[in-house]
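The form predicted alone is given below as one chain in structure tokens.
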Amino acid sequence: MSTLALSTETTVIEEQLAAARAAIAERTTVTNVVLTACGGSYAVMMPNEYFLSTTATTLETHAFNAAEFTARSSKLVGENTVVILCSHSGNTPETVAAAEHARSLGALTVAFTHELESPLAQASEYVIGYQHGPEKSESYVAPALLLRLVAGLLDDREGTTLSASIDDAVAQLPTLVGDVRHAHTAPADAYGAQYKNEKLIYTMAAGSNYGTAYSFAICLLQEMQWIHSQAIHAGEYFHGPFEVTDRDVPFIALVGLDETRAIEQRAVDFVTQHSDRTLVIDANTFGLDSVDESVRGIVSHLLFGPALRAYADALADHRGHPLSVRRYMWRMEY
């Protein structure tokens, strides 16, 4: 674990972020990056895999579920690898094992966690704390900090000039997220009242937004509301899933600003013609004019999460099913 002080104070987080970035830059042999976690933390990795894969010219990038990363034991992983991990509690067994596995192979490990004395923090060389809870700053939550680390990595390894624009966008998040939440409060409440008895809701997106749709499906709907769901990749929609589309089948579809917007829009054009129960959330409504155009596509995923959370909160309220209720998770051995 890094010898830096562990804290979620902003000045310390900045020091931790800078130290991890410097360590990656100093390892001149790096040829690949692995992003690995489980559940919602794994979903946070997906936009960054997209960002790296669409921007880097020399680095190979993969995002893996942590258990699969360890089980695969890829021969590509070694001293030439940076492994970035995330676990909110820092106790996720599969993610801790992934950190230990990566270090045993000589990889450089960087962990994001809210629990700074956790097993994951102990198992990783560099630790970046992030804020959580009602007093948090949206500029210092895990997705925002991870995006900043990746932008720095790209600047240092690929010669891009992205960090300044990403840092500026992340600094604006408290205002941007507040505006998005306000804009979706009333629509979300109406949605919760209308859809409170649904047994199934599909989600759909592509590119850097697919991870957010995936997280909403498996974490907010399945885990926290016990509503059946599947995250459908908008590019795959026409290769099987669109056959379940019908007038009474509910969908939530995201339309972002990255290179895959046309793929998402094509799916939306079809689903809105054949389902009367489709909610479309378009990043064009997020007020991103103040964000550098070159990074709006990747930044928009940071706003889909808060927008969707408004709908999850409203569903929980109207269903009388708090988001904290679980049947199995943390209640038994599994």
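Numbering starts at 1 and runs along the sequence shown. On a predicted model such as this, the values are computed, not experimentally measured, just so you know.
Beyond what is shown, the protein has a form predicted in complex with another copy of the chain; the following relates to that form.
Contact with another copy of the chain in the predicted complex holds for none of 79, 168 and 171, as no heavy atom of theirs lies within 4.5 Å. When another copy of the chain is considered in the predicted complex, only one residue from 183, 97, 105, 218 comes within 4.5 Å through any heavy atom, namely 218. Taking 227, 121, 149, 188 one by one, only a single residue has any non-hydrogen atom within 4.5 Å of another copy of the chain in the predicted complex, and it is 227. Contact with another copy of the chain in the predicted complex, judged as any non-hydrogen atom within 4.5 angstroms, is confined among 268-276, 290-298, 22-30, 305-313 to 268-276. Proximity of residue 117 to another copy of the chain in the predicted complex: non-hydrogen atoms within 4.5 Å are absent; the residue sits far from the partner. Residue contact with another copy of the chain in the predicted complex: residue 192 places no heavy atom within 4.5 Å of it. Under a 4.5 angstroms non-hydrogen atom cutoff, another copy of the chain in the predicted complex has residue 74 among its neighbouring residues. Interface residue remark: residue 84 is not counted as part of the site for another copy of the chain in the predicted complex, having no heavy atom within 4.5 Å. Residues of 315-331 that come within 4.5 Å of another copy of the chain in the predicted complex, judged by any heavy atom, are 326, 327, 328, 329 in sequence order.
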